[in-house]
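Here we start with a single chain on its own, the form predicted alone, put down as structure tokens.
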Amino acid sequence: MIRKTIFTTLFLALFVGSGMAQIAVKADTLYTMNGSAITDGVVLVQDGKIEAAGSAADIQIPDGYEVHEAVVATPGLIDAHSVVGLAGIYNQDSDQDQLEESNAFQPELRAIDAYNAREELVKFLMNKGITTIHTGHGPGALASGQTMIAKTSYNTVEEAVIDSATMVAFTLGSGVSRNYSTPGTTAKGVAMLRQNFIKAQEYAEKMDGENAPSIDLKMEVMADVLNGDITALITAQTAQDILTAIRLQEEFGFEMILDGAAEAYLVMDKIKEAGVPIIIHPTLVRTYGGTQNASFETAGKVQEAGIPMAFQSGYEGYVPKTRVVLYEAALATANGLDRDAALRALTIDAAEILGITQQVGSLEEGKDADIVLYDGDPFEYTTHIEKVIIDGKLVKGE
């Protein structure tokens, strides 16, 4: 009994000391993403949440808080579209679950069933300041499966997950035919998608009737897309594919986010008129196939047009399977993208597009304490990420 009491006491002490720490972050420049940058800023963290954020002149650091100092501090960065956790660092069959090639149309595949929270690429991104990722099945199929949102610091999917079924990943264009015998052309692929949306409409009507059919997992998910319970993430790189995606969205009325959009600058007015956000292609994307006309300046042009935008690491078919959104955004700022807009696209704007602003994206009272500490300007190549805090826990740095 005595041993049990001692063990319980020690366990509670360790738990409180490690998981419930009171932390203060002091930064020469603090970006809360809820207003202008703050000179000599302070963030207080308690129980994994932001307690206060603002000027040191207004916020007193209480006794007992663990203080961390930085030249610059920002909210945790958000990778708005990735495949890490499904795609692994070794590029072997055993760690490549981002694209199932047995069928071109499989919206029922769940990212949460394949996500490996311990994958080294996840921790690699965490150490680069990426605290939240929107990841899952990648482009390359008409419907490759579902996506999810997770924090990067945890070792199990149950701990990491923020949203287990965020979007369904669709792809339009010639890239699909490289992976599957059917469809062989873009027109065939669009016809197949349209037919499946019609089937989903009919399925939903029958499920509401007296003689409901057996559950069809594909149609269940497609019906969820049609009724707005899950968003369609449509990878469309060329101008014609972007316009086709918009036509499908208008025809069936589902919620849509454009992914990639390499030729968005050719049809900017149509995208803005449709009110569709873009998860823009990586600035350094390889220019071949659908992305052959990608431009370093696209992000800046999208921002100037007033179209909501976020950055992604994207899908890479080669080692190391991921990019770093901070670097992609930095290069975009050198090619016309407003600097503040770039930081917003990595934080609050990405959170807005993904529907998670209640938890992450800015340093505001009550939100998750995800904070990145830098020794200089975040967009300078020579700057280091010194510390990363996720849910109030120091996960990188000392």
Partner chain sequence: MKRILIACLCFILFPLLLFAQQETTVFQGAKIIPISGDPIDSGVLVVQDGTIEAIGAKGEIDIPDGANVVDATGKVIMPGLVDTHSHIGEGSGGDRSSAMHPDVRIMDTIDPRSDSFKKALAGGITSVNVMPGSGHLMSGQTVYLKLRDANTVEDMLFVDDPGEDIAGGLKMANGTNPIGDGPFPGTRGKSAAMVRELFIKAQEYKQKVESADGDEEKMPSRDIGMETLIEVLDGERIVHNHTHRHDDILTAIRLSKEFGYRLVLHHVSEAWKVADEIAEADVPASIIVLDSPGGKMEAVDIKYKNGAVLEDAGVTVGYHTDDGITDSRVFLRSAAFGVRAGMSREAALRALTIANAKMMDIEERVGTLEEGKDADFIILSGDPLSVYTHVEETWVEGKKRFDRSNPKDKDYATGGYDVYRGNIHLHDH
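Since we're looking at a predicted model, the values are computed, not measured. Residue numbers count along the first chain shown, from 1.
What comes next is about the form predicted together with the partner chain, which is not displayed.
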Would you mind picking out the stretch of 159-167, 70-78, 187-195, 293-301 that comes within 4.5 angstroms of the partner chain in the predicted complex, counting non-hydrogen atoms?
-> 293-301
Is there any non-hydrogen atom of residue 60 lying within 4.5 Å of the partner chain in the predicted complex?
-> no
Is residue 323 close enough to the partner chain in the predicted complex to count, meaning some heavy atom within 4.5 Å?
-> yes
Can any non-hydrogen atom of residue 218 be found within 4.5 angstroms of the partner chain in the predicted complex?
-> no
4.5 Å heavy atom contact, residue 333 and the partner chain in the predicted complex = yes
Contact with the partner chain in the predicted complex, heavy atom within 4.5 Å, among 286, 270, 118, 247 goes to 286
The partner chain in the predicted complex has a heavy atom of only one listed residue within 4.5 Å, and of 155, 91, 127, 174 that residue is 91
Residues of 363-398 having any heavy atom within 4.5 Å of the partner chain in the predicted complex, listed in sequence order | 377, 379, 380, 381, 382, 383, 384
